[in-house]
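Just the one chain here, laid out as structure tokens, in the form predicted on its own.
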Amino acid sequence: MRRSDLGEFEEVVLLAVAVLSPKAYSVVIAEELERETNQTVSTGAVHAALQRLEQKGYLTSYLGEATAERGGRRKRLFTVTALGGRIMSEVHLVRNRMWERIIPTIRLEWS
């Protein structure tokens, strides 16, 4: 893993952007996280995480077309950069390796 500069919430936001791309913006990301976690997620928290991820170079954004449903406002759409994709892969590999090292009987006690 590169460094521990990817927090847990940032990680799930990054994953949500990858899942929802190319139509990932703060409102649909918050909805996706609420659906997956069954917890309330504010768009403000998602927006702050998106800004941090973009500053770290894991995401890039652009303004989409203006829509009538948003009163002519444009959405800021996010996509995962190559660096963000590499970080996601590294985190995934580390987690998988650690899960595979858990003794099987312990896994059975959790279910």
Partner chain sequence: MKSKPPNPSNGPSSVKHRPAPGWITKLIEWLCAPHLREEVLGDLHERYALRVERLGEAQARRRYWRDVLAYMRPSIIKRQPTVRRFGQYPNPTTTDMLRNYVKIAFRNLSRNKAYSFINIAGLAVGIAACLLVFLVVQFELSFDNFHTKKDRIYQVVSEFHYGAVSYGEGVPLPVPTALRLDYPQLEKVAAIVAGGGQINIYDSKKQIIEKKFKDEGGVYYAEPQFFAMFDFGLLAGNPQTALSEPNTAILTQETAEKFFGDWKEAIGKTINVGNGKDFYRVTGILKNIPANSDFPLKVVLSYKNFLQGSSNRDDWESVSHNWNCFILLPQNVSPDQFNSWMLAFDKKHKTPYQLSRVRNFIRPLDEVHFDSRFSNFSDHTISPEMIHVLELIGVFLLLVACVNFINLATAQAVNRSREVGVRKALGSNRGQLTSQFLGETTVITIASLFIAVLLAQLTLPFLNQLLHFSLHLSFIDNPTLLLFLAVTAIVVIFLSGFYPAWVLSGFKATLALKSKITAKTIGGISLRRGLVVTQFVIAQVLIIVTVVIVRQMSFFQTKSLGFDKETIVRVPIPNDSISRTKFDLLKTQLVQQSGIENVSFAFRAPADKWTWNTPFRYNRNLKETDFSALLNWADADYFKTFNLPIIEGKAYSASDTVQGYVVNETLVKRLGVKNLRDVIGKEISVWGGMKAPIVGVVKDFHAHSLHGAIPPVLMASRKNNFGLIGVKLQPQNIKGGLASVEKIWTRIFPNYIYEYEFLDKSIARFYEQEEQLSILYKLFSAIAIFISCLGLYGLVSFMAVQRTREVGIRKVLGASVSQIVYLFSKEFTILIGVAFVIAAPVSYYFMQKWLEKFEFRIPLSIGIFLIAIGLSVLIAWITVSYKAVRAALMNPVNSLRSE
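Positions refer to the first chain, counted from 1. Note that the structure is predicted; figures quoted are calculated from it, not measured.
The form predicted together with the partner chain is left out here; the points below concern that form.
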Non-hydrogen atom contact A30 with the partner chain in the predicted bound form at 4.5 angstroms:
yes
Answer with yes or no whether T79 is in contact with the partner chain in the predicted bound form, where contact means some heavy atom within 4.5 Å.
no
Check whether G57 has any heavy atom within 4.5 Å of a heavy atom of the partner chain in the predicted bound form, and answer yes or no.
no
Answer for L83 alone: is it within 4.5 Å of the partner chain in the predicted bound form, judged on heavy atom distances?
no
Would you mind checking 27 to 44 for residues with a heavy atom within 4.5 Å of the partner chain in the predicted bound form?
V27, A30, E31, E34, R35, N38, T40, V41, S42, T43, G44
